[in-house]
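Take a look at this single chain, the form predicted on its own, given in structure tokens.
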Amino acid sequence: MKHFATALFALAVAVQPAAGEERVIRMSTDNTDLVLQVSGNGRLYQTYLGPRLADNVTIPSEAWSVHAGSGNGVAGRGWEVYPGSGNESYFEPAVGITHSDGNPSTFLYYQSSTTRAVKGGTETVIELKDDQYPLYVTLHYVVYPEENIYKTWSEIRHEEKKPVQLSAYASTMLYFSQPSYYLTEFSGDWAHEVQMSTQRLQPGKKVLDTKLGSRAAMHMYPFFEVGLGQPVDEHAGTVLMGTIGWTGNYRFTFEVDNVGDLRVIPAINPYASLYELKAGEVFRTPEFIFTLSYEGTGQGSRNFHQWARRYQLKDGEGTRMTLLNNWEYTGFNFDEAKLVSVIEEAKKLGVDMFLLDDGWFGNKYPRSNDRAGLGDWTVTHDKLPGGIPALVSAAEKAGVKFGIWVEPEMVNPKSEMFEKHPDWAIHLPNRKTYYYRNQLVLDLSNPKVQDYVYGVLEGILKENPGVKYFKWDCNSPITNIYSPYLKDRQGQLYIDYVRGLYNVLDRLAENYPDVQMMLCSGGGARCDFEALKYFTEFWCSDNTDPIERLFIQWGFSQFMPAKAMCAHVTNWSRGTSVKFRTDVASMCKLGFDINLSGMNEQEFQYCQAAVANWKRLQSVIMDGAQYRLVSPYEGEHMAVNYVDEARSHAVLFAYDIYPRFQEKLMPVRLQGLDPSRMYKVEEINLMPGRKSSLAAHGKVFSGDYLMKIGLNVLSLSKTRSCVVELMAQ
């Protein structure tokens, strides 16, 4: 990496300091510095987080002391990097531990730090230890210089004779001192995902969290933005953007203290999760990933997108398959002949894959609705006499790949599996059982259940090597919260469930690394970067109404790259044209979930051309830099453009929603182009027989013109879309 030497300069290897010695640990990206200091009292403090300092800067240690504690013993109350409960701090701790002798206090002192090169950056590891107990905390910081991304987590272990109790376990703690702070959060529900709202943080604590366990992000999404000194803006201002990699309960705490400083604490939610940590066991917290952008959320998003594609998302630099799903067309009502006809339609449409959705399994309790069959993963013989092999064969004959829907973490009580193993489901003893969507969650804290879930997936793949894709659903949160397996360790259920899920996914990734997977959870209720180490993409929402999708896709794009976001053309909102629905889906990973035979010839030809265009432009849309130009939150229009790394090829998507009568329209100014190059402008995705009405169509403009003056691509028409391709000449 071209930035490796610079990063290594900033990350000197540290050894245990002598008593009273102060030490500065500096972790740098190309744009940002995070500086920690070991104060004279032997404890570790954050002294700086902001725009990168000059490489040759020499700053006396006393210059950092405003936030590094007084240096005279434990009386200092500075910005301690990982403060424990029960010490002299008045505010929210990073870690809460009750020792085996009942002592509820933790005081952590610096021991040593080391650095090493990792893919894309550098990792700093800092060792801390309690001064009275054999309790150790290891802090990890991975710095990605080019992408301006930090990834940090902690590890807790001890050597006490008996277990200790963990009541809090943050991934890290960050501090800021600004005149004001504005939090943008992402909330919603089924079919109403990632709705953005902003508020000013006032003294005290603001908490964003989830307690749902499996379908964890159904109401609150695991990312946030904090405007430092001003509300969050797309194009200007300093903003902290952060997300946690945990497919379960999380908690973000934002605490403004008595002097107006802000603490940001990302963590697993300790709700109902008092964790018993045994001697020698390592408790690893989730990765917290953040960036500081000094040019608004647009630049912060591009930092995240590039980092995710390179280092986090499964097959992040690979291609994605367009697909045709049968769910919105057939629901549960299909047979082999009908599915074969849909597979043939997929070939005619030009997509890469046919995806078989829910309803293909169960015999004693056939999956003809959502009240039965989950857990019985054998094909329904009455529906599919040739089984999955016959469908895979039909797909191969048609020249398309084959994918299949599964929901392996769940069980219907009306299933053979539940009859045999009721103790494998999470449910309360001595209580009436509550069913969410007629199902229960399997107890993945139990290794036998992990083996069963893995076996479901492996069984499908062994019988059908032609299966190239799983749509992995998760429709229920954890209800009736009790693990028959954990018995007297119920405080570990929420955490061990997620660990069990990762154990299954690790085995699948190791043994079947080339199988692509969609992360689905009744819509977008699973959307974290830890899960996306195993999944190539995620389903943003069951709501495919194109107007609603503009808002949903805008929200998710704050953190997620377009190639991770599945968007399908369906019959939701039939009042909009097939063109509009397809153009909205085309700004993400394109798919179809619709009865193609219900289209007229012109519409079908349009879809064929749109699929061909998307495939041709996949490298620009999926791997290019995204620029959000016009927000649907600020009017009745939306626009985004993508630019490839060479700045030679770009695609602009523009949408009219419900413009007001005689509303003033402004040209859309593109971003990310080379101002000195000339670009030919062509409108694409036109209905057959239609000519472009775009005045700039077929003309050539400089990048400078396109970014400063722009194109007139918006109109006063309702639900109209315009897709423009720009090629450097």
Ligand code: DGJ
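Given the structure is predicted, the values throughout are model-derived calculations rather than measurements. Quick note: we count residues from 1 along the sequence shown, nothing fancier.
Here the subject shifts to the form predicted in complex with this ligand, a form of this protein not shown in this document.
Only one of P83, P546, G300, G523 has a non-hydrogen atom within 4.5 angstroms of this ligand in the predicted bound form; which is it? Partner contact (heavy atom, 4.5 Å) among the options: G523.
Tell me, which of D233, D542, D335, E645 has a heavy atom within 4.5 angstroms of this ligand in the predicted bound form? The residue from D233, D542, D335, E645 that makes the contact is D542.
Thinking of W327, W405 and R437 as the candidate spot, does this ligand come within 4.5 Å of a heavy atom on all of them in the predicted bound form? Every residue of the candidate spot has a heavy atom within 4.5 Å of this ligand in the predicted bound form.
Please determine whether N475 contacts this ligand in the predicted bound form, using a 4.5 Å cut-off between heavy atoms. The answer is yes: N475 has a heavy atom within 4.5 Å of this ligand.
When the contact criterion is heavy atoms within 4.5 Å, does D358 count as touching this ligand in the predicted bound form? The answer is yes: D358 has a heavy atom within 4.5 Å of this ligand.
Using a 4.5 angstroms cut-off on non-hydrogen atoms, would K471 count as touching this ligand in the predicted bound form? Answer yes; at least one heavy atom of K471 falls within 4.5 Å of this ligand in the predicted bound form.
The chain here is shown without this ligand. Which stretch in 245 to 253, 576 to 584, 350 to 358, 494 to 502 comes within 4.5 angstroms of it in the predicted bound form, by heavy atom distance? Heavy-atom contact with the partner occurs in 350 to 358.
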